[in-house]
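Next comes just one chain, in structure tokens: the form predicted alone.
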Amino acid sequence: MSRREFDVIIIGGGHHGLTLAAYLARAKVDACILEGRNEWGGALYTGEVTAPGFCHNIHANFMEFLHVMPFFSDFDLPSLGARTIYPEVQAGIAFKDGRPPVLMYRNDMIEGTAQSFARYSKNDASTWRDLKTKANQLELLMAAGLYTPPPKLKPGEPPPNPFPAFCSSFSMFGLDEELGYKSIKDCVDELFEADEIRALLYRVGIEFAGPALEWPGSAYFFLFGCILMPGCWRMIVGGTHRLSGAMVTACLKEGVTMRESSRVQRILIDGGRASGVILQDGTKLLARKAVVSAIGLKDTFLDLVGEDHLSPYYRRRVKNFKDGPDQVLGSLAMALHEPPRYKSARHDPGMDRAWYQIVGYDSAKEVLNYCRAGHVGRIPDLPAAGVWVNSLWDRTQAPEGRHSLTGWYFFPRASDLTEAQWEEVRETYNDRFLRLFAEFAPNMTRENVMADFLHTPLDQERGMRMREGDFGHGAMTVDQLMGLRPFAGCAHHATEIPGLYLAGSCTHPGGGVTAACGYNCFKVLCEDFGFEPAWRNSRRFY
């Protein structure tokens, strides 16, 4: 590495770090981004983990924010290789006895979802039609909330109370404001009466790092996870790694200095200010303006900065930042001869074409008990899952005439089981799932599976550096959201150490492929250093 000094050094080459780097370079800031692994994109990972030619998105799959993501349009990522497909049937749940499935369609196909709901409840169909219509109208307002940094607290100012915002959100949907204090389950049960529909909404409601179904104060995730997000999910042609590839290309086009296999050992603090980094190989890099960490909160402060540089308040808050949720992802992958053929599809063939297929549950109670298992540190007895078969829409993701299935189990945290126990899960759980799967889709026997793979929370912790396998990069609970994420005194991206900023998913709005954490950090850097506000766009108000 020839150059050793830059305006801004970014630690971590996940999608937030890439976003920040590209905007900084567009603003004519000399930026260098460092990635410890030999590939970019973090959880935007696609691998041939089962057999050659079968592509599996082992972590991030559902691109629910691309249509509102500033980075995606500002840098014209489709022209750089990030092409999308927008499946009509977004999600569906099938049943063992072959009764009709419950399907959720795209945002522009509200009536399709209403008709599917009406098979079980006309009241639920009407409720969905009303809520989803309002959600579509409020989508840009939601986007503005995602892509705006929380206000900076003034000295002595009390931490923000999130509940007024939650309650007013319910009011905007024409619902009782007191729902804002309740749980996801409370909201689903109060607003929807059919058990089959509740089962679908329970699973969808916690799918994207949401808090536990029964936690009071988690109701905001009912609006966000059950109503706003389903219906806008896109997939990336060729696998989600094509999105990170497009982001890398955007960075290179803008002139970002990019260094992979460059793991940071320590953030340099000189005179109380962040001045650069030291890599594991001893290389010293200096930052004229700022060092920005786009990795985890504890990784940043406990591993790279060191407790001796932290105030008692920061030390306490960082150590007590909660990993979560209690149920984390185990990723399964299977190379198939043919895609699943569900019994329930005889009533509606859309089930076989649903992008997200929820299988293994016959009631809302079974979903609830499945999700409860993680809270007591055990593997669910019912080996149910949510799966997707991307090769149904994108033939590049499997060999001709074959199909690639990938999906998610919900498991306890990595530390809840020993390494030997996780190895047993790897060896047995997919077989248990297949035995259950065949009761819902008779062709899903071991004979239909050419090869399979299971990626545990322990694997995620070691490979993707997600503590405990936490795909939310910090619990998405009410005490760690918006102006309280990661904590009140550190929610505006700047930290108590001058020159040190945060841009990872530990900041607002949290986990998910939003590119918002890097985008919001760039806004703050523009404010603090007078950089050119390259984020501004006359066609967008956020």
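Start at 1 and count along the sequence shown; that's the residue number. Since the model is a prediction, treat every value here as computed from it, not as a measurement.
There is another form of the same protein, the form predicted together with a small molecule; it is not shown, and what comes next is about it.
A heavy atom within 4.5 Å of the small molecule in the predicted complex is found for one listed residue only; from Y120, F208, F410, F453, this is F208.
Checking G499, P70, G512, G483 for any heavy atom within 4.5 Å of the small molecule in the predicted complex turns up a single hit: G512. You can rule out all but one of 442-450, 263-271, 162-170, 370-378: in the predicted complex, only 263-271 has residues with a heavy atom within 4.5 Å of the small molecule. Using a 4.5 Å cut-off to the small molecule in the predicted complex, not one of P340, T406 and R426 places a heavy atom inside that distance. The small molecule is not shown here, but in the predicted complex it comes within 4.5 Å of a heavy atom of R37.
Under a 4.5 angstroms non-hydrogen atom cutoff, the small molecule in the predicted complex lacks L302 among its neighbouring residues. Under a 4.5 angstroms non-hydrogen atom cutoff, the small molecule in the predicted complex lacks L201 among its neighbouring residues. At a distance threshold of 4.5 angstroms between non-hydrogen atoms, V292 is out of contact with the small molecule in the predicted complex.
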